[in-house]
Structure formats: C-alpha cells, structure tokens
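To begin, one chain is listed below as structure tokens, in the form predicted alone.
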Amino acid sequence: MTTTADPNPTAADSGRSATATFAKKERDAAPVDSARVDTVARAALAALHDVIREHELTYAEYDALKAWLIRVGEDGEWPLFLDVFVEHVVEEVGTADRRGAVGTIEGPYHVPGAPEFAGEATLPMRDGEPGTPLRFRGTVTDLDGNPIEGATVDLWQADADGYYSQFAPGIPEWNLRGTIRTGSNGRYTFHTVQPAPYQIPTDGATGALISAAGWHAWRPAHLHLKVSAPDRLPVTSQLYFDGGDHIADDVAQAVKPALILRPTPVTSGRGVEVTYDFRLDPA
C-alpha cells in the first residue's frame, strides 16, 4: 500500500484525482450518431435558452456563469459536478427496464483493480480504522433466485472523515476497497466499518455553487458497489443506512427506498451486521 505526504485534502486535490481517474477508464468507443448529437444538443440548448428568458438572466449573471464554468475545469471538478447533479437521471433512464437489483449512481470515486478475495474478506484498512465494525453479506442470484458462481462484488467506501483512498492524501492506496468473487453458493461477506455521512468537497467550484444557492453539501453514509457476472447485466449501486442523516435530502438525489439497509447488532462482540442480496438481469 502507498500513502501520500500531504495530510490536508482539498477539493482541488479530489477533483483532479477524479478527472484523472475518469480519463483512464475504458469506455466503449461507439460511433458518433450525428443525428442523435443534433437532437440532444438542440434540446439542451433550447432548455437553457428557456431558462434565460424565463428568469431574465442579466449580463452580470451571464459573466458569473462563464467564470464559474471556467473554474469547474480548472479545479478538475466536472466529474464531481456531473455525478452529483446529473448522473441520477442518467442512471434512472438507463436502468428503467431492469427487473432485478436496484441501482443508483456510481459517483466519481471508483477505481478498478481493488484487491480480490474469494467468498469472504476483511477490507484493507488502517490499524484502528475509525467506525463501527460492519459485517455486510448477501447472495448474488439470477432473477429466479438461483445462486451465481463467479460473480464479482466490488465494494468501496469513504472513511469516517468522508475521504476516499486514492482521492485524498495520507490514506493507504486500497483503504476500504475490495472485490469478492462468489463461490458456487453465490455468497459474499465483507468485514468493514460503517461509514459516516460526509460533505462533498466544498472548497472548489462545485462548493461555490452550493454556497451561492444556499444548498447543503451533505451525502448520507453509504457503501458503493458494482456487481457483475458472466451473461448478466451489471449493477452499480449505493446502500444507505436507515435513520441516517440526509437520507431524505441527499445532495446527489441518489437514495431509493430499496437501497436502505437496516443493520442489527451482532450476536457476540462489537458491531452490526446486515444482509443484502443482488438479483441480476440476463444480458
């Protein structure tokens, strides 16, 4: 594992890391459909024009908008801004026909290549990692409830201070990140810590917008997951905790009732446990 020297993370640090990580992702290079670009671009611009007319945007406000857009790029916060304020609608449209596991946004902080385990694992973490111990387990099945062997369950989460490894300094490289490959019973078990609510970075351009609008910047505590298997549609999800702060007013609007966990105390020792199953649609 590696750590970085600077103990004080900033929004610019996080934004640049998110942008660099996004740039490295392998994306399907589908041919550009010019008719589709024309339709979507014209609709988006028409909607913006309507907003300008309806609210009688002034030149001072227009100049402020241009300056803010420039700052978003300089801070490297386009992945952060889009994932917080836009992705939940893209996800809603893209998974509307799913019958299995409920998904939600990925966010900007996923990193492929996390340490891989079989069946059961304790996530990599620091000695004395803050947070209530959490045993998180479940089964990956098809729509008929048959367990899927060889499914991968990729989990990543923020620490108790709201920071993600590889996106903030001073945190071990794979801290609170790991992937489990299921066996013939389709089961997985993670031993981790229960995360806390956190604010998205507020010292950059995204935070400036939130402050100017009088919004809050909080996300409820959550676990991120990507679940996939051969010949099945993958699902990207976040799981939240019943009764937690900001469940009802998540800044990213990503909470869905089916994604709320209700942990119970473990029968012996310290901590809580919860079971959550994933049913995957056929590809």
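A residue's number is simply how far along the shown sequence it sits, counting from 1. If you're wondering where the values come from, they're calculated on a predicted model, not measured in any experiment.
Not on display, but discussed next: the form predicted in complex with a small molecule.
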Residue (of V140, L80, I180, L176) lying close to the small molecule in the model of the complex, criterion heavy atoms within 4.5 Å: L80
Partner-contacting position among G103, G204, P108, P195 - heavy atom within 4.5 Å of the small molecule in the model of the complex: P108
Complete contact of T189, K226 and Y276 with the small molecule in the model of the complex (any heavy atom, 4.5 Å): no
Segment assignment from 214-222, 33-41, 60-68, 241-249: heavy atom within 4.5 Å of the small molecule in the model of the complex: 214-222
Touches the small molecule in the model of the complex: Y164 (any heavy atom, 4.5 Å): yes
Contact test in the model of the complex: V84 vs the small molecule, heavy atoms, 4.5 Å: yes
Exercise: V153 in contact with the small molecule in the model of the complex, heavy atom 4.5 Å: no
Residue contact check: A121 to the small molecule in the model of the complex, 4.5 Å heavy atom: no
